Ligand SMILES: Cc1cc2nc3c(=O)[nH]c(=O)nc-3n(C[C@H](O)[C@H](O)[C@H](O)COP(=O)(O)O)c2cc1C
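For reference, the chain that follows is the form predicted on its own, supplied as structure tokens.
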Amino acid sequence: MPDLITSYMGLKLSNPIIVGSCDLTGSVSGILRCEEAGAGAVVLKSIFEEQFMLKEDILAKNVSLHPEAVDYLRKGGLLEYAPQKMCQMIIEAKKKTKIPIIASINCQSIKLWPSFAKQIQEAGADGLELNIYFLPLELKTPGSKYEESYVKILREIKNTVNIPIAVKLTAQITSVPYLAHKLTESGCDAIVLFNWFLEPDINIKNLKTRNILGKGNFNQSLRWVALLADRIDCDLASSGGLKNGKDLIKQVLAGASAAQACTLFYQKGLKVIKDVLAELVAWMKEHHYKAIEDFRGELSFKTQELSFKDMGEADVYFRAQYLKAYKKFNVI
């Protein structure tokens, strides 16, 4: 029987499948269902700063407070204690489950991140995923300023806690390799590629804007996992578009230590985890691999560039080869 154990952000996982941040991981019972279904780890449903801003507004409307007190709460006085529900869930879950529990936090106020992280560590979380995103809206602010915020947040948290930290990036970054490298230099234990958001849409009947669910792009994750694998000194996890065991195999071949999924489990139920793992095991047996590390990164950009430098095998990961690829298949 092939060994499916993998190491991700310093944590030992029984297999590479992680149930990503979603409603399925938003309760102790949900975490236990994920473990029973065979998940290697879970990322808890993210907590967002905006959630607590809303609660403060409700508080201000229903409780008689001095305006200065309300202002204090909005600036962080209450927010620093915001993750209480998540922390209690972590405490309860750690008593009942053996799989790694990775918390996830999403804030806009940089000063709040270390406080959130400290509370989560004290609750017993095995790791922490930073769900960072700054919309580059200002006309006079260069992209480098936004990306510097990622590094600053990570450094402040690394100075506060000692549990492993992963950073979940968005694909909308000027240079994914550069930022990933800077994060690794600052102590990042893993990079997750990528974060997928709600997308904007316009209803042309009633002339209103609306949000629609975004979709993960499997091939985009695959490209950047392959381009970063073994070139930066931290683990990689893919996120988005995983549909079956073949997709999991592809991500590991590209260099991923683990793969996060959510939509697949909503569509087919958590029971599909066993099917994905069975497909992985069958493929490993067929190719005579005894462990995940025997083939992880075998088709990464770095490995292919070193192994097939004159054959152009690694060219497939470059968008610049667009026309070349079409000529190869006689499309143009």
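All values derive from a computational prediction rather than experimental measurement. Counting begins at 1, following the sequence as shown.
Beyond the structure shown, there is the form predicted in complex with the ligand, which is absent from this document and is the topic of what follows.
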When the contact criterion is heavy atoms within 4.5 Å, does Asn131 count as touching the ligand in the predicted bound form? yes
Even though the ligand is not shown here, does Leu13 get within 4.5 Å of it in the predicted bound form, heavy atoms only? no
Contact label in the predicted bound form: Gln251 to the ligand, heavy atom within 4.5 Å: no
Examine Trp196 and determine whether its closest non-hydrogen atom to the ligand in the predicted bound form is within 4.5 angstroms. yes
Option touching the ligand, based on a heavy atom within 4.5 Å in the predicted bound form, out of Pro83, Gly127, Gly241, Gly245: Gly241
Only one of Leu154, Cys262, Val161, Ala123 has a non-hydrogen atom within 4.5 angstroms of the ligand in the predicted bound form; which is it? Cys262
Please pick out the stretch from 114 to 122, 187 to 195, 136 to 144, 85 to 93 that is in contact with the ligand in the predicted bound form, where contact means heavy atoms within 4.5 Å. 187 to 195
What residues in 13 to 38 sit within 4.5 Å of the ligand in the predicted bound form, counting heavy atoms only? Gly20, Ser21, Cys22, Asp23
